[in-house]
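Just one chain follows, in the form predicted alone, and it is written as structure tokens.
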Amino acid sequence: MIKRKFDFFVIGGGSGGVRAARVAASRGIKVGLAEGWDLGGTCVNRGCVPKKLYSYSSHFSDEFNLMSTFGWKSFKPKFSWNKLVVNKKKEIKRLNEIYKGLLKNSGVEIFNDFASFEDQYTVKVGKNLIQSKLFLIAVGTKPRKLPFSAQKKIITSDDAFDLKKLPKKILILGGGYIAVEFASIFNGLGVDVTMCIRGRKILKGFDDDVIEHLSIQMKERGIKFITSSFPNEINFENRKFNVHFKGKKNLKYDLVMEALGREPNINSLKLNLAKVKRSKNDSIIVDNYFKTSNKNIYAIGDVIDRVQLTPVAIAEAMHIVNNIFNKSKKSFKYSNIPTAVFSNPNFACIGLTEWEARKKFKKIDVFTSHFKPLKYSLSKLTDKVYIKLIVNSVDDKIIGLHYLGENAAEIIQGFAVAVVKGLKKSDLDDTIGIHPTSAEEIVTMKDKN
């Protein structure tokens, strides 16, 4: 075994780990990083980036249908799933190389293997035994799977990007953002999609009214829903998935996808040898400064199960490096983090839901707007924009903004500054809208619910 020593060693080459390693190395610290898979983590390789590319692809059928209403004569285009997959792989490979270059140019030594702890101060990476003054764990999560008979045939979001061919009929288990996004992707690409959720509503934790409007529009697009029910068993026979429900109800599908949440990717880390404590769901327990139960080991990102978003992991990385190497103690704030669901139509939000706001504040004002956007006005498409603005009645501050419609993420990203900086509804009223746009509705809403 080759013995190596570092000042700061990062386990995991995702967005958070790469950022922490780069920034630390730029300060003259001796930094190493271990990643057994491709650099970029879930987001680049099997999450945000390929998912957004596939989401774009799924919207072109709508664009084609709109063309004729704007005077364009065209022949029906032909979609190639294989072409999409090939081009996606090229883009991911390009991004992998960029991440590799950024690390090397910063002076980070990369180890292309998985790490596991030997004791509280040492990790094994391939043929290397590595000791470091400080360790950072940023290994992310992996899809959760259930023990159905057809488990090996059932796909997860990790597998969905590289299917050999599109199914004609798919069942998606789960109602979270991954399930909703893939339901919209497959539906837009012409697949017969059914979503199955244990409860009554998709996207638990988001604003109820917005989710109701999204559900209606997904149904209008042909997505089916099985609610308050879940399969007892799934087996695979004669090239079909047989899905069994209570009451002897059986349904057949070409493919089944599990999107039932994610779990910490810690199986090979041997955290017990490092004296690192975990919570009941196996996420790593950290304090307000991302320090684990081992004072020399820190953890950030999805593996600590706080807010599982790529930009949050990157912000945590910057925060922890500044704290450690500036010898400061600042806690990380998780309030007012904007987020998006790349469904069809898109949905994005920042701040509190109406239910959360009513629970937290004595009195609130709720403004809503619901309309067909100008882009669809000449067509038979039924998509509508729905906006909800939530204001604290006492000081007029904006405490929640929810937008359902095309380019929702792009719109909310800009307006997020208003919420983070404590702007008031009156500040929106003082802003002149850009006409005609859908986003101008946010600065012109007058009617309270």
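Note that residue numbering follows the sequence shown and begins at 1. Keep in mind that what you see is a predicted model, and the values were worked out from it rather than measured.
Below, we turn to the form predicted together with a small molecule, even though it does not appear here.
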Would residue 181 count as touching the small molecule in the predicted bound form under a 4.5 Å heavy atom rule? yes
Mark residue 129 yes when one of its heavy atoms lies within 4.5 Å of a heavy atom of the small molecule in the predicted bound form, and no otherwise. no
May I ask you to state whether residue 308 is within 4.5 Å of the small molecule in the predicted bound form, using heavy atom distances? yes
I'd like to know if residue 190 sits close to the small molecule in the predicted bound form, meaning any non-hydrogen atom pair within 4.5 angstroms. no
Name the stretch: of 107-115, 276-284, 79-87, 339-347, exactly one has residues whose heavy atoms fall within 4.5 Å of the small molecule in the predicted bound form. 339-347
Of 355, 325, 230, 371, which residue is found within 4.5 angstroms of the small molecule in the predicted bound form when only non-hydrogen atoms are counted? 230
Only hit among 95, 312, 260, 154 for heavy atom within 4.5 Å of the small molecule in the predicted bound form is 260
